[in-house]
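First comes one chain, alone, set out as structure tokens in the form predicted alone.
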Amino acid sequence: MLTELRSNIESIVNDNKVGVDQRLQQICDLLRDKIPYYDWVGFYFRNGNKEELKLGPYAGEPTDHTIIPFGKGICGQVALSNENFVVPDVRAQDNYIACSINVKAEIVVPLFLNGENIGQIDIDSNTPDPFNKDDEEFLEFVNEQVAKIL
């Protein structure tokens, strides 16, 4: 399924008639709608020169976590580590920010522009341990595509 979605992502990214935020929203909606275990999909971006992330377009339940300091939670850790972070069981993480009591697992993949970590894609799942290497590679692809329009 993830392989088939690559062409959809490319089509969204290449649609220059639509603004960047709208295209990011379309990507979030597509991933949430088409991948059964992607229950919340969103982009976080570095907030100017501040050591924090700011929520961008997302699909799923509303969240209070619109600003996340670097180092806090999974997203904040990825902002510092520049590495993918797969969490099979969020309850086992000390530095986890709970967005919903239903969330069981999370994957966060950094988004690079010209070699700099400028944000990330964040996926929450209500399914225990659903993410694998295919998800990581697919989300890296998504972020590579997104970087082309930022």
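On a predicted model such as this, the values are computed, not experimentally measured, just so you know. Residue positions are given as counts along the sequence shown, with the first one as 1.
Not pictured, yet referred to below: the form predicted in complex with a small molecule.
The three marked residues, Trp40, Cys75 and Asp124, each reach the small molecule in the model of the complex, with a heavy atom inside 4.5 Å. Remark: Val86 does not count among the residues lining the small molecule in the model of the complex, judged by a heavy atom distance of 4.5 Å or less. In the model of the complex, the small molecule sits within 4.5 Å of a heavy atom belonging to Ile68. Although the partner is absent here, Phe112 is not a contact residue: none of its heavy atoms lies within 4.5 angstroms of the small molecule in the model of the complex. Using a 4.5 Å cutoff between non-hydrogen atoms, Tyr96 counts as a contact of the small molecule in the model of the complex.
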